[in-house]
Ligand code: SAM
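Just one chain follows, in the form predicted alone, and it is written as structure tokens.
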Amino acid sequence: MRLRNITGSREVIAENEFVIHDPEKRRGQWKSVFGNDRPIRLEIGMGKGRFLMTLAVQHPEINYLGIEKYSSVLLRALQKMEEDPLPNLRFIRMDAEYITDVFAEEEIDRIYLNFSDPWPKDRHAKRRLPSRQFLERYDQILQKDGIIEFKTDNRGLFDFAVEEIAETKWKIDAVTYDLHHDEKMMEGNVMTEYEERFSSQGNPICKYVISR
């Protein structure tokens, strides 16, 4: 469930130092945003930012970008960042459909998709973040040895995601239909807000890791 619109959220975001306001102008130059040559990893649909903030603290040697299209949700992440700023994490408010306009070829090291909107109607399948249409976009911006990690509690969406891979150049490196009972795939697992909530209710979490 998305947060309701918060009055003034867009104005706050427009003035915030942790948000990249002209991402299309950074295409091919994202390393200059962080001032170093470290790998850049991207979460699409970052929600309130807990996942990326945890990773950014654990791995200061890696730079992280979070994309979120809902201003009211992004605002929550900014509030957390202002309490504890992280130099290797920045945010972008945009629709993921346009990521190839924002990132150049092989500019991203890894992509995370966590508890994405399932878009349950068949006619909206191409809007799903693990769809073949989005996998084609990811192919354009990921380094050749880059990977995608996808987690969800929605079994229907996960089955769809696995089926889509067969129609692309991607291959499954690891897959589980019950992450929290998979010792190997749980190594280093960082939970999102949704993951903690759903797993506490007894819902199994599905995950795959794919590469080309």
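None of these values were measured; they are calculated from a predicted model. Start at 1 and count along the sequence shown; that's the residue number.
Keep in mind that the form predicted together with the ligand is missing from the display, and what follows is about it.
**Student:** Would Phe18 count as touching the ligand in the model of the complex under a 4.5 Å heavy atom rule?
**Tutor:** Contact check for Phe18: no, nothing within 4.5 Å of the ligand in the model of the complex.
**Student:** Examine Gly45 and determine whether its closest non-hydrogen atom to the ligand in the model of the complex is within 4.5 angstroms.
**Tutor:** Close contact exists here: in the model of the complex, Gly45 approaches the ligand to within 4.5 Å, heavy atoms only.
**Student:** Is Glu106 close enough to touch the ligand in the model of the complex, meaning at least one heavy atom pair within 4.5 Å?
**Tutor:** It does not: once the ligand is placed as it appears in the model of the complex, Glu106 has no heavy atom within 4.5 Å of it.
**Student:** Quick one: does Phe115 come within 4.5 Å of the ligand in the model of the complex, counting heavy atoms only?
**Tutor:** Close contact exists here: in the model of the complex, Phe115 approaches the ligand to within 4.5 Å, heavy atoms only.
**Student:** Can you pick out, from Ala77, Leu142, Leu135, Ala96, the residue that has a heavy atom within 4.5 Å of the ligand in the model of the complex?
**Tutor:** That would be Ala96.
**Student:** Considering Arg26, His180, Lys31, Lys69, which brings a non-hydrogen atom within 4.5 Å of the ligand in the model of the complex?
**Tutor:** Of the candidates Arg26, His180, Lys31, Lys69, Lys69 is the one lying within 4.5 Å of the ligand in the model of the complex.
**Student:** Heavy atoms within 4.5 Å of the ligand in the model of the complex: which stretch among 32-40, 169-177, 61-69, 154-162?
**Tutor:** One stretch meets the cut-off, namely 61-69.
**Student:** Along 175-212, which positions have a non-hydrogen atom within 4.5 Å of the ligand in the model of the complex?
**Tutor:** Heavy-atom contacts to the ligand in the model of the complex: Thr192, Glu193, Tyr194.
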